[in-house]
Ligand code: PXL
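Form predicted alone, single chain, as structure tokens, below.
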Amino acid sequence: MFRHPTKRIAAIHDLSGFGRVSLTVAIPILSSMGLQVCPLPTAVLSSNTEFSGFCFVDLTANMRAMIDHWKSMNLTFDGIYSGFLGSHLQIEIVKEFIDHFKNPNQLIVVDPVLGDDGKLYDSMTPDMVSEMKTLISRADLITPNLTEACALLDMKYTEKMPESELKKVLKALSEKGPGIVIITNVNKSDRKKQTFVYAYNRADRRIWKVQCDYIPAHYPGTGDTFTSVVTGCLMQGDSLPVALDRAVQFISIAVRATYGHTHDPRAGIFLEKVLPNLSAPFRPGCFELLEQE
């Protein structure tokens, strides 16, 4: 049987003409990590939504036709990776996509974009949260932040959740379907000097924690960047803790490379300056094994 020499991943995200988010982050990162990215755009925007007055073209009505063409070409994918989805119908289309293209050696990643800082985004109704619950059940890996993790479990958001509770949240989300659960943007420092990423792998029942320094800046697309790097690392064959460590290090380098410039933060991190770091030899950082049953 013919095998394509490059691993192939379908990336189901929106596309912004300006501002480094979604596909304009996922494509360069995954491509630089040696993967063929096949984008399935859910919408096209003139800029990311941080800028007022952006032009928006919804592609929901076109997505099935694009998918049907891929089916007629008999395409196969080593990975499927979805990000922000704007409607019930888009979630349904992604579920259908996974069901059709799924194979035993595939990595299915869902970034369940719902909200942040304890609040859901304006477009994320309770019905959308319910739909997202059905989507994550099909995933191998999910990457919610703490706000999204609580929403998916119908829990009250707690900004400084005790580690013992975080472990329960990780395991409870894994019981919904995904074998690996990563929770990002966990703040457990009173002075906000550090943030943390927690992860649970059901296969070996290990819980990992990675620490990252806090920099007082907000750049859209850092969540997309993190999940894209983790996805690329796992598809390259890295272990979960190494993938977490590499992603956190990459984000830290990217934010530091951007922070010193006079730069509109809405445009995102200076991704182009730091992409070569993904090809550099890996230097283990600060991942920590918290629990192994």
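Note that the structure is a prediction, hence the values are computed from the model and not measured. A residue's number is simply how far along the shown sequence it sits, counting from 1.
Not on display, but discussed next: the form predicted in complex with this ligand.
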query: One residue of Tyr200, Phe77, Phe97, Phe84 in contact with this ligand, assessed in the predicted bound form (non-hydrogen atom, 4.5 angstroms); finding: Phe84
query: One stretch from 31 to 39, 48 to 56, 66 to 74, 249 to 257 that, in the predicted bound form, holds residues within 4.5 Å of this ligand by heavy atom; finding: 48 to 56
query: Partner contact for Pro220 in the predicted bound form: this ligand, 4.5 angstroms, heavy atom; finding: yes
query: 4.5 Å heavy atom contact, Asp245 and this ligand in the predicted bound form; finding: no
query: Stretch 10 to 34: residues contacting this ligand in the predicted bound form, 4.5 Å heavy atom cut-off; finding: Asp14, Ser16, Val21, Ser22
